[in-house]
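Below, in structure tokens: the form predicted on its own, a single chain.
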């Protein structure tokens, strides 16, 4: 009897193994092996590829706590992730609602195409396009001076707002897509019933739509917050000197300084902090969903 019970789940998985094996093999090769190598490097004094003598040490992790600079940059990156996630929610949720509940037919398809359009272009192309728009004498400057009766100078390049704009543009489609899926699953008859019972539009939004769409909001927030905290391209190009964050420091260790052990240690500290934040927030997120 027990053998039959134990064999039941295995007998159900066994036919699917040929389909699951390629995906899990690829995940093992593309994710776990590089992470294992980086974990190994993070405890080394130097790269073995350089031909220098090396040994195991925890000095790379101790460097994070001994220098207040890394802690400050990590806090700045976490704040950046929260701000970008908030802006993506404020912009993406209304857009997703319009797509799911207002637009129909070809107009929905056209707007949906515009939403996913950033995925079709290279990240560097998007960033340098914003550089052409935000710099002094750029597209935004020219358009505003052509419309307004007085002369103004718009130069947002190499500033914190420019970094926010570039990151929001890159990641807001994730919020739109996740919210769209949950909003589309809401039965229109529920909204009509609430309206027929005297609920205002604001009450329907606050007590019906947002709670039912919360899984999409949370999924989008996680998809945005995690990569933004470690982002380096947008801060580097659009932020200039003001775009120094934790992710740009990690990139410098790998590319400029060639200190891979310290860069790997800083990367794993960032991974640990993000996992701790998600674990601490999981009870609240679980109640929300």
Partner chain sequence: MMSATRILEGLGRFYIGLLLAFLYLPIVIMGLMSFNASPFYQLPFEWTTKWYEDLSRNTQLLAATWNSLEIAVITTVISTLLGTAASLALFRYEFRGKKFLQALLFPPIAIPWLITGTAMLIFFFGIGIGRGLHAILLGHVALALPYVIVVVSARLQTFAPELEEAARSLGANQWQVTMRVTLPWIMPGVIAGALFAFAVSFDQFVVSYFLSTPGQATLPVEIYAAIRKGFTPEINAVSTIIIAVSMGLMLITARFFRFGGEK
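In this text the structure is predicted, and so the values were computed from the model without any measurement. Numbering follows the first chain given and starts at 1. Throughout, rigid core stands for the largest set of C-alpha atoms superposing within 1.5 Å between the two forms.
The next section is about a form of this same protein that is not shown, the form predicted together with the partner chain.
In terms of contact with the partner chain in the predicted complex, the residue from 189, 203, 153, 121 that brings a heavy atom within 4.5 Å is 121. For residue 172, a non-hydrogen atom is located within 4.5 Å of the partner chain in the predicted complex, even though that partner is not displayed. Under a 4.5 angstroms non-hydrogen atom cutoff, the partner chain in the predicted complex has residue 168 among its neighbouring residues. Though the partner is left out of this view, residue 94 does reach within 4.5 Å of the partner chain in the predicted complex, counting heavy atoms only.
In the predicted complex, the partner chain stays beyond 4.5 Å of every heavy atom belonging to residue 63. Residues 247, 250, 251, 254, 255, 260 are the members of 245 to 263 with a non-hydrogen atom no more than 4.5 angstroms from the partner chain in the predicted complex. Relative to the superposed core, residue 69 undergoes a Cα shift smaller than 2 Å between this form and the one not shown. Comparing the forms between this form and the one not shown on their rigid core, the Cα displacement of residue 28 reaches 2 Å or more. Annotation for the pair residue 277/residue 178: C-alpha atoms approach each other in the predicted complex, by 3 Å or more compared with this form.
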